[in-house]
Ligand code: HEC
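Starting off, we have a lone chain in the form predicted on its own, written out as structure tokens.
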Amino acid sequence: MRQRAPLVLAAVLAMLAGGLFWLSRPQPLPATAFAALAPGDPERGEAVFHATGCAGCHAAPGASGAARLVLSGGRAFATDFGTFRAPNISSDVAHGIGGWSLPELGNALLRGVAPDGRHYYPAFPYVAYARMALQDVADLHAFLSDLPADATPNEGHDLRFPFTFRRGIGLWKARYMDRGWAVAGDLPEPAARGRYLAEALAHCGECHTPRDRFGGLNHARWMAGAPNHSGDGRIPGITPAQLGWDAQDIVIYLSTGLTPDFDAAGGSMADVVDNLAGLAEAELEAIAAYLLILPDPRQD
């Protein structure tokens, strides 16, 4: 019996390792996911581009006007897990995503899976984008394909062990990647549209919601505020009880960056305002309607 014990233990460990390997596998979209869609519309894709905030991470720091459409990447984002660097997502074939098909972009946005099959790190907010409508992905693909190419090479991330082990991201996804709504249930319009814009496209919860020690969002404190990833102060809570603004205050802030007390958006929020200012006023009103029905966060 004692001679068999090591063999049994080895078999159990092998089964456990195999199970973890299976659970951590990349899970791309079905091959036919985009087959029945209408062709991507770059005009509609421009609105998706503004809502998703691509330029906020992938354009050069301080870029304005047409320069915000040059998505050369390179911005560094310091976190507790190390420093992530935004990649080049311009239409350059060699260094950007100019050679990507629609399914490849869809897998990146909705599943966090790269064209070569690797997991993307969730510093790329695919946990939010996973709620995107497939047609919006197609329209965004059409718009991105028309943007300028830039040949800036990508820089690698600078992460601590064991976060350099990408396969482990598959286990993180199994725990934290939920494609359901953070504010569940049927919502009236325009709050339902605002939920889609805020939770899926604009990924507001990625900054305004606190995280646990593994980087997963604490949904019990949805939009309740969180430490600033840069280490400078806190990201404020934006629930109605914390914000104290009405719908018009929110729309003005999202379109101009000006608060009711004449302060101005700064830091990464200035980029968010630059992005959202490109949306129709009705879209900003929908976001305001959604924010105004957020529940009070649970107190820990």
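Counting begins at 1, following the sequence as shown. Note that the structure is a prediction, hence the values are computed from the model and not measured.
The form predicted together with the ligand is left out here; the points below concern that form.
Checking 170-178, 184-192, 198-206, 145-153 against the ligand in the predicted complex, the stretch whose residues place heavy atoms within 4.5 Å of it is 198-206.
Annotation: in the predicted complex, residues 109, 235 and 253 each come within 4.5 Å of the ligand through at least one heavy atom. Contact annotation for residue 27: none of its heavy atoms lies within 4.5 Å of the ligand in the predicted complex. Remark: residue 125 counts among the residues lining the ligand in the predicted complex, judged by a heavy atom distance of 4.5 Å or less. Contact check for residue 87: a non-hydrogen atom falls within 4.5 Å of the ligand in the predicted complex. In the predicted complex, the ligand sits within 4.5 Å of a heavy atom belonging to residue 129. Contact annotation: of the candidates 69, 243, 60, 47, the single residue with a non-hydrogen atom within 4.5 angstroms of the ligand in the predicted complex is 243. Along 237-266, these residues reach a heavy atom to within 4.5 Å of the ligand in the predicted complex: 238, 243, 245, 253, 254, 259, 262, 263, 264, 265, 266.
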